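Coming up is one lone chain in structure tokens, specifically the form predicted alone.
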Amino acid sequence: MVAMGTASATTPPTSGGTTAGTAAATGDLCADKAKNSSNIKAIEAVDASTVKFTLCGPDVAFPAKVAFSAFQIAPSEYLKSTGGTGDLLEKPVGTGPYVLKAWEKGSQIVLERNDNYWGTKALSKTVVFKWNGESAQRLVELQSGNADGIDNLGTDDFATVEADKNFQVKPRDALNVFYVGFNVDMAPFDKPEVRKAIALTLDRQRLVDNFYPKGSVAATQFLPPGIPGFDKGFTDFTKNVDEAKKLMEQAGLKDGVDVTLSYRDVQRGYLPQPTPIATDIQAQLAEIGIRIKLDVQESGTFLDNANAGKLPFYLLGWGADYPDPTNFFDYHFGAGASPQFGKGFDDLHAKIQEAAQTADPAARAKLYQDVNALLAEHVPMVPVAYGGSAVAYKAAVKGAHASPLSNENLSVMGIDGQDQFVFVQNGEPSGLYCADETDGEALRVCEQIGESLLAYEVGGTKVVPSLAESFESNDALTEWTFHLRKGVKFSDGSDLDATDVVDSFTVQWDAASPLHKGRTGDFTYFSALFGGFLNPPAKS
């Protein structure tokens, strides 16, 4: 990160008729929340290689946010020609080390090396993504030689792979959380007594001991250790079944209640054995009269339903996209969050916003202690575990690594004498326009093809230059200016310029834009991390 100074003055944007040009010229968009619920006031092309973001309030984590793959830059012309949908969803055009060759639905995604890449050329000529939801089958692919690397080594497979000199294991830091979620606007979870009763009944340590690999820890709060803001002295709930039964009685449910628990049977770092864990939770909650019917949904459908607030009771989790509390708290519980937990809580919104705008680390930590207390009071979810995980590779793989952000960079990996590199992950992406995707399986593929203004170092969390070779902010952290790298071309041969950056952000920011479409049109990351949208849609 460069030293922060005073941002240079701007001239009127040249964004080809995008909303950004209008927004910058219409006065204070921050005063009218009905017009602009986001923390962004303007996005401007200062000149062909300079972009300026003006915010309504400070944002300490702004560089870490814009480095994330949901904010990759696409050619302005491609956004317009696809109408924000169509080919854009399955045929991404980016500036990254690989280009998409083929997506064979249900089978594989094939990438080819981008020989015109501005940076270090990829080691492997071809990368093939395959997927399998069963960890045992992923291991078979590795042992048979059909895969060069596999994600999320199975709970019982660590010792086997570590003892085999033909393989190497790369542990991944547990920067994640698995939680039991509620839509607090849906019965019976609209009763806080029911939510607290569940929190007091779940034996989190039992779940970790029985179903999680080494390196996993029972959760004490939503934020995992290793993320700034984690409160070592805080525990939200301690198991107390007798108290839980009293709360059920207070809720008028002395005789129990029938509910449906939804989940996807896809292994994740935070949820290594979905069905066994769901079944154990079913057995635990039967002790207080909660009779559970398990509902397994297809992965993409499940995530879409959760983001739309359609699931009353469900199992989900989160892995860090960048190492800051805003990635966990703002995304899930902030004013711009999706309705997965219901309409949200005003006091929680206010405290999260205050923390996000506070630069002093000690003051910020105190605010996040208050956020923890509010989450324990409202109980929109019950954090269960921080899951340890690992990526396994053939011993011959050079550049093998596991990213704590689960964004392994396949361009730095390869095997001498081998043109192709095969990586088996947990599931198939729902789409490859990652501005409108939330699943790590999609994001990992996007990260090989596209790039954002900034990036995270390979195998780490430090923010480093990418399409922007430098940036600076004003002292108030409300103006951020990025200077683009010269000579960068997209895979379609077009040149990167500031208009591409402005339009890539604006089609997400402006909900009234004709290009604000995507696969679902949710653009969940943008809304959650930047507080909302310009011209926000009416809430149902």
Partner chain sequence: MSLDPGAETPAEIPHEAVTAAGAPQRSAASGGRGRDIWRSVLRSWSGRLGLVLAVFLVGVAVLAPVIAPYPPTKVLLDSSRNERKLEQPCVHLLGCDSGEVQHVMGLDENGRDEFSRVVYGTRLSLLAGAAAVILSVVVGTILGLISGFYGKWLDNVLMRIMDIILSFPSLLLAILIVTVLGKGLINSILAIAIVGVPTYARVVRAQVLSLKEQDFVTADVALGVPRGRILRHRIFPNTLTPLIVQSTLGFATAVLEIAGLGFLGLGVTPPTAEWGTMIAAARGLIFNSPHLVFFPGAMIFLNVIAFNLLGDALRDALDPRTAGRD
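Numbering follows the first chain given and starts at 1. In this text the structure is predicted, and so the values were computed from the model without any measurement.
FYI, the form predicted in complex with the partner chain isn't displayed, but the following is about it.
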Discussion item. Check N210 for me: does it contact the partner chain in the model of the complex (non-hydrogen atoms, 4.5 angstroms)?
Written reply: yes
Worksheet item: Heavy atom to heavy atom, is A283 within 4.5 Å of the partner chain in the model of the complex?
Response: yes
Worksheet item: Hey, in the model of the complex, is A187 touching the partner chain, heavy atoms inside 4.5 Å?
Response: no
Item to complete: State yes or no: in the model of the complex, is some non-hydrogen atom of A163 no more than 4.5 angstroms from a non-hydrogen atom of the partner chain?
Response: no
Fill in: Residue stretch of 320-328, 465-473, 376-384, 275-283 approaching the partner chain in the model of the complex, non-hydrogen atom distance within 4.5 Å
275-283
Discussion item. When the partner chain is placed as it is in the model of the complex, are A174, A306 and A308 each within 4.5 Å of it, taking any non-hydrogen atom of the residue?
Written reply: no
Practice prompt. Let me know the one among A218, L253, A396, L294 whose heavy atoms come within 4.5 Å of the partner chain in the model of the complex, would you?
Written response: L294
Practice prompt. Report the residue, out of D258, D87, D416, D156, that has at least one non-hydrogen atom within 4.5 angstroms of the partner chain in the model of the complex.
Written response: D156
Discussion item. Pick out the residues of 103-134 whose heavy atoms come within 4.5 Å of the partner chain in the model of the complex.
Written reply: E134
